[in-house]
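Presented as structure tokens, the chain that follows is alone, the form predicted alone.
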Amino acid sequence: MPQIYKKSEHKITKDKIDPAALIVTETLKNAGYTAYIVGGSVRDLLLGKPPKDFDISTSAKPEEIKKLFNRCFLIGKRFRLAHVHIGNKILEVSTFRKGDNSNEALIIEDNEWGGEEEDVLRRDFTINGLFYDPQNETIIDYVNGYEDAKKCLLRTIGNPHVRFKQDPVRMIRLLKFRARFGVNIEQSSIQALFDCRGEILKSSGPRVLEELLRMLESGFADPFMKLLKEHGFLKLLLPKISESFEQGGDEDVFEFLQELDSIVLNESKKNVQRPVFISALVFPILERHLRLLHEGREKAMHLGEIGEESAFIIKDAFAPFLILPKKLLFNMSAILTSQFRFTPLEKKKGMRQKIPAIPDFHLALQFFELRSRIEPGLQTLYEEWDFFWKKHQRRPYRKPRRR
């Protein structure tokens, strides 16, 4: 039987719940289904953090959910769920599932429906296994997650060795929660982390990449990357970047990550985009690489050559396990190549600023601003380029004359 915690105990008030999530749970309940707000949002509210998303779990099957909402789309093959659109919000609604907590085999498909207790027992950590029922404002706890949240303790549901082998991405998520919340990790989970870390290479590369990208954007990139390094995951997932760190190149990267974390946490109006975040991992490696190539050359490298080297270094930095989407790779290459337009390897007299005809040039400027925060000597140069860019943007479009 679960532990039930009343509002007087957990202190979560309805005004902290997204109204769209309340609409979805109420609609499902009125149709005769069980429905709860679940997982990260309940955890965040107990830990005193504002939730980013409100996910919902229900006894309704995906096709039944779809019938209840005008704008509902079923997604996923490995993990089938519904995206319900309420206004401008998209809520993720999943059906209760069951899983075998004793089987070490890698989970390839997770679409076997079950009851609410079974659904909790297949989740990763106790603090993520809590249900919140908005109808009576109670928390339903099958796995002692409420007490673990109060103690700031991260504990695996079931045997951690088995759970990490079933889904190795859980190990990355464990370090993610450690970085974000500063929670303590229960001892058997720490041991399993070391014993099972090689299993991470059996997981889905795109899933791991998405977890990495989300953490770079989270405001906790610096502690997260340090935890990856400390626990041996950096060497497995990003061997070239790890090698660079071992050669003393980690300080530059961590300076970038610390500055990005500060921007995310303290400058909410500043919209830093994903390619800028991930470029921070590669720029110090590329800069050292280009300076070595440049040494002893009579003729300076032109931007075309630098672009080719940038593309090579980016692919090499994430190989062989992580493969970047083409769009992201293209944006990163443009961002990094443009840095040597701003600060050439060999400065020439009489250089004039010229805005290149490349899309998303503002991302390159955004990264240059990041550099100027770390190197104050670049601030004036950044301001000149930024002024020139804004002036260029204000120019009226002129239709070419026909010859």
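All residue numbers are counted from 1 along the displayed sequence. All values derive from a computational prediction rather than experimental measurement.
Beyond what is shown, the protein has a form predicted in complex with a small molecule; the following relates to that form.
- P62 falls outside the set of residues with a heavy atom inside 4.5 Å of the small molecule in the predicted bound form.
- Put simply, K176 is close to the small molecule in the predicted bound form: some heavy atom of it is within 4.5 Å.
- Proximity of D148 to the small molecule in the predicted bound form falls outside the 4.5 Å heavy atom cutoff.
- For E309, no non-hydrogen atom is located within 4.5 Å of the small molecule in the predicted bound form, even though that partner is not displayed.
- Among E186, D250, D167, D141, the residue placing a heavy atom within 4.5 Å of the small molecule in the predicted bound form is D167.
- Here is the short version: of N331, S203, N128, T95, the single residue with a heavy atom within 4.5 Å of the small molecule in the predicted bound form is N128.
- Every member of the trio G39, K52 and D55 reaches the small molecule in the predicted bound form with some non-hydrogen atom inside 4.5 Å.
- Shown alone, this chain has one stretch from 168-176, 83-91, 232-240, 254-262 that lies within 4.5 Å of the small molecule in the predicted bound form by heavy atoms: 168-176.
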